[in-house]
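For reference, the chain that follows is the form predicted alone, supplied as structure tokens.
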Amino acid sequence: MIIDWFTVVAQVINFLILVWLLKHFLYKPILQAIATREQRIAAELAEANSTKLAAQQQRDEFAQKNEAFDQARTEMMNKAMDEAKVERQRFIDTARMETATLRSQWQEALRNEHQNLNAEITHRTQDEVFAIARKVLGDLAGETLEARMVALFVQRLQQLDEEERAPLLSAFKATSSVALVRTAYPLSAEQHTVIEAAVNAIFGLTQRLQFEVVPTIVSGIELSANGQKLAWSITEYLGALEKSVGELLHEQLKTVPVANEKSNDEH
């Protein structure tokens, strides 16, 4: 094979020329375009990073503000709840005080009503008992009222048991004591003698009795000395009746507050 050196050299020169042309007119603009694009991309990336940093900063600021807002809201809610609790307790205390005051006033009014009702019932009962007593005493035919009272009182003295007799005897024997007989009506000298004889026989007294008229005794006789007393009178019966009626009213009125309290609890 014969090599044509001229052709080879020409092709080499053509190749070098082609390379120079490509490098000068093609690769160089492409490289410049690539460099320009890289610069633009780098600038855009830098701007994006700057924007990202700004956004991150804004997000951090927003998060801090949001956290501060949540903390302030929580503090305000806690403060409002504490104030509400204090106000609620104040309302409850005020309501309890007003309830206690109203209950006290109601109990006082009920007590007064009870006392008034008791006094009215007692007064009417006394009137009825007095009327009955007057009728019964009027039926004691054959003896005067005073004589019958004295006889019943002497009988009462004679029926004393030791438990009733002992304190009266001690009272009569006291040096400063004065044996006093009180009646609702004047007694005759004979009736004085009968009572003194009975008292001396039962208690062994040597001093004379003192007699006194007291209309409030209401048809009866009282023997007293040094704080001790023995009585037979309608007043004693009325007292027992008043006590019995009072206890009955007290038991009946005790059920009224309970019913009202239940009614209040239901409300």
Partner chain sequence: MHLSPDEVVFWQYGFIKLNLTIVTTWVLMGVLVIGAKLVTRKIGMIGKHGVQVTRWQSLLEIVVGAIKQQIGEVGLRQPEKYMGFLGTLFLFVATASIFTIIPGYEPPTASLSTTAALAICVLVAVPLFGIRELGLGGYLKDYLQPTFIMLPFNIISELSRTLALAVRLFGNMMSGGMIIGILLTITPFLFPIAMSVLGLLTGMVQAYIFSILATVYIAAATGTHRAQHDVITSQTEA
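Positions refer to the first chain, counted from 1. These figures come from a predicted structure and were not determined experimentally.
Omitted here: the form predicted together with the partner chain. The next part is about that form.
The stretch in contact with the partner chain in the predicted complex, judged by heavy atoms within 4.5 Å, is 24-32, chosen from 24-32, 54-62, 222-230, 196-204. By the 4.5 Å heavy atom rule, the three marked residues Trp5, Val8 and Arg40 all count as contacting the partner chain in the predicted complex. Under a 4.5 angstroms non-hydrogen atom cutoff, the partner chain in the predicted complex has Asn14 among its neighbouring residues.
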